[in-house]
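A single chain, nothing else alongside it, follows as structure tokens in the form predicted alone.
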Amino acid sequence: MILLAVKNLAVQIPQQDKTIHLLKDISFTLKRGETLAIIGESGCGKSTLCLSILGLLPQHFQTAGNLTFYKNGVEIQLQDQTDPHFNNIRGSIVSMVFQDTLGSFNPLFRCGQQIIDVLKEHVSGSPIQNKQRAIQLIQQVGLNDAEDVFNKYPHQLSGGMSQRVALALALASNPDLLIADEPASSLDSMAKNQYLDMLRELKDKTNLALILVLHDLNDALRFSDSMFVMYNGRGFEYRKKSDIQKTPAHPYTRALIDIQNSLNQTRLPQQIPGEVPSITKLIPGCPFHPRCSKRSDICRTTFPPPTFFLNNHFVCCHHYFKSN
């Protein structure tokens, strides 16, 4: 059952002499219980996409396209960032763990009280029930001394604790979809795997849908069901994780997979030539063509329309790799 449908989403910043295009024609769907990994190099628009789904973009940003959520058989369409429906879907349908987890907290209040405040807004219960539920949430995210954490202020948390309490805060409203932007970027390798394993277990137990914004391709291949590959504000490839792992279709995706395979085998990887373009730079045609070994004249002038596979999955490339 589909929970979220994103169709032709675009985000831009109008300026006096030009318009900066941050996202261009982003489309994908997300089912209940599915984990979608959004991958791409820094500055490609991953965080902007997440904020647009939550309706949290700055006021001077302009959006186009459609976001549609589905809740108890009801279709909720959101046209732009000023749509009042965003106030209803935030928390009740979708929550987010931000990359800067400390920024999720009010520094003046204890962590437990902040979780209780979310419970008061979204879940009916007595003060005693809310406190018990807050402590349960802290335990659920892997913190054993929950009473102690409940009474701490945000600045008293370590990086790993802050990451987990921010997750408890996001889960307090019982959302259908959780977005995690670089959810374990501040953790070491072992703690990161534990955190991502915990997210997967929570998803499996509650049928929660996940959007994971990741830099590490290994994490995307390990923890996702499907993957959305971004470059310069566009979606290049959107397919099942297993298909991308075995037969990446876009030259950019294939280059990323080849690099990761080399690193896994402790071999020196073949780097992608050239540099990542700024998302503020408007490149004619396919923005990857200056770095692509398969480019031709049409790549320099025309962005490729999507070639669709099953389940509305696609690749945008004039010369994509076809499966045998």
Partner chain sequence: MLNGIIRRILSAIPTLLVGITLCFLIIHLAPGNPATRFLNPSQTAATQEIIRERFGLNQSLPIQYFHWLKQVLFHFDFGYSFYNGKDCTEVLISALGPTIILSFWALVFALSVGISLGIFTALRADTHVDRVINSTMMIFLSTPAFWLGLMFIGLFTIHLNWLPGSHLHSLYYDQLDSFGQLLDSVRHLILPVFTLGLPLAATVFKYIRAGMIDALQSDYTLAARARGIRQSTILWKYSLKNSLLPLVSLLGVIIPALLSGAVIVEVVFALPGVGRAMVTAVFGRDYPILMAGASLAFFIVILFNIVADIFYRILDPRIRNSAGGL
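Because the structure is predicted, anything quoted here is derived from the model rather than measured. Residue numbers count along the first chain shown, from 1.
One more form of this protein should be noted, the form predicted in complex with its partner chain, which is absent from this view; the next part is about it.
In summary, the region of this chain contacting its partner chain in the predicted bound form, judged by heavy atoms within 4.5 Å and restricted to 151 to 159, 209 to 217, 126 to 134, 226 to 234, corresponds to 151 to 159. Taking the partner from elsewhere, no residue among Tyr252, Ile259 and Tyr320 has a non-hydrogen atom within 4.5 angstroms of its partner chain in the predicted bound form. Distance criterion of 4.5 Å from any heavy atom to its partner chain in the predicted bound form singles out Arg110 from the list Arg110, Arg222, His85, Arg200. Proximity to its partner chain in the predicted bound form, defined as a heavy atom within 4.5 Å, holds among Lys71, Lys240, Lys192, Arg90 only for Arg90. Remark: Leu51 counts among the residues lining its partner chain in the predicted bound form, judged by a heavy atom distance of 4.5 Å or less. When its partner chain is considered in the predicted bound form, Ser104 lines it closely, a heavy atom lying within 4.5 Å. Its partner chain is not drawn, but in the predicted bound form it has a heavy atom within 4.5 Å of Leu56. Using a 4.5 Å cutoff between non-hydrogen atoms, Glu182 does not count as a contact of its partner chain in the predicted bound form. Looking at 109 to 141, the residues that come within 4.5 Å of its partner chain in the predicted bound form, counting any heavy atom, are Phe109, Arg110, Gln113, Gln114, Asp117, Val118, Lys120, Glu121, His122.
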